[in-house]
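Here we start with a single chain on its own, the form predicted on its own, put down as structure tokens.
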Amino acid sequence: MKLSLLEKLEAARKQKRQVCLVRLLAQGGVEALVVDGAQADGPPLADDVLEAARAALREDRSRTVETSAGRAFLQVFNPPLRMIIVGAVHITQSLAPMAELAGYEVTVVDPRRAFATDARFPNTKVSQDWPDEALEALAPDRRTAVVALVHDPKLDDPALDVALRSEAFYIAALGSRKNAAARQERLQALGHDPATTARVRGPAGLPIGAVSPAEIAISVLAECTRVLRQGH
């Protein structure tokens, strides 16, 4: 591997970017680098090779593929998945373990000490900091999902404010459509434009008729998965 390519690969990994190293096996192992879906180094890649690299990044899966440039090995270096859940509520008690099973490193944020206890979340990292402080410290990246479940603007809005200033791939909050519209106005009053506040999905979760906390957790994780894998 060329030193310049290696340096770019390591720099991208330190910045928690999504990196795919492309080796064109049919061309003597010529290497190229794709970072966050765009080519960052190496000879120009054909469109189908670039799209194959993007698909490998979306699916978190290294593999060998047949392309118009011949066989190519796609080696994925994705940062770990994280989920930050604001609100140590009943839905969180279901969502946190489900998300961990799906491969997320989960942090539950809630300054209300009566809710955010190790007893209620025995196997999950819990922060009792205020949501904005916790989110600033956790620094959401493009492999992070942020879900606000408190249903209280005093706690949800500061977290969403920080999340919208990040590259978090999934941002969602509970609440009716009426409450979601009011939330959009509050976030715009904090300086976000309408296109940015539209990143907040609300009501959170796929419309599957969920009623119980566990069912709502399923709908949220399903929507998060769809955005992660399909981008919408």
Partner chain sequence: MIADENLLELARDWKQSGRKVALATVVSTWGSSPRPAGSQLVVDETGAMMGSVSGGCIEGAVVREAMDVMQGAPPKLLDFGVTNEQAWEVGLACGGKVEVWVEAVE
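What you are looking at is a predicted structure, and each value in this text was computed from that prediction instead of being measured. Residue numbers count along the first chain shown, from 1.
What comes next is about the form predicted in complex with the partner chain, which does not appear here.
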Item to check | Single option in H151, R71, R142, K125 placed near the partner chain in the model of the complex, where near means a heavy atom within 4.5 Å | outcome: R71
Item to check | One residue of Q39, S62, Q188, N179 in contact with the partner chain, assessed in the model of the complex (non-hydrogen atom, 4.5 angstroms) | outcome: S62
Item to check | Stretch in contact in the model of the complex with the partner chain, which is absent here, among 133 to 141, 153 to 161, 73 to 81, 115 to 123 (heavy atoms within 4.5 Å) | outcome: 73 to 81
Item to check | Partner proximity in the model of the complex: L25 to the partner chain, non-hydrogen atom cutoff 4.5 Å | outcome: yes
Next on the checklist: Whether V227 contacts the partner chain in the model of the complex should be assessed with a 4.5 Å heavy atom distance threshold; does it?
Outcome noted: no
Next on the checklist: When the contact criterion is heavy atoms within 4.5 Å, does E215 count as touching the partner chain in the model of the complex?
Outcome noted: no
Next on the checklist: Is P194 part of the interface with the partner chain in the model of the complex - any heavy atom within 4.5 Å?
Outcome noted: no
Checklist entry - For this chain shown on its own, do L6, L9 and R13 all sit within 4.5 Å of the partner chain in the model of the complex, going by heavy atoms? => result yes
Checklist entry - Given that the distance between the C-alpha atoms of K14 and T124 changes by 3 Å or more in the model of the complex, do they end up closer or farther than here? => result closer
Item to check | Direction of the Cα shift between A139 and K8 in the model of the complex, where the change is 3 Å or more | outcome: farther
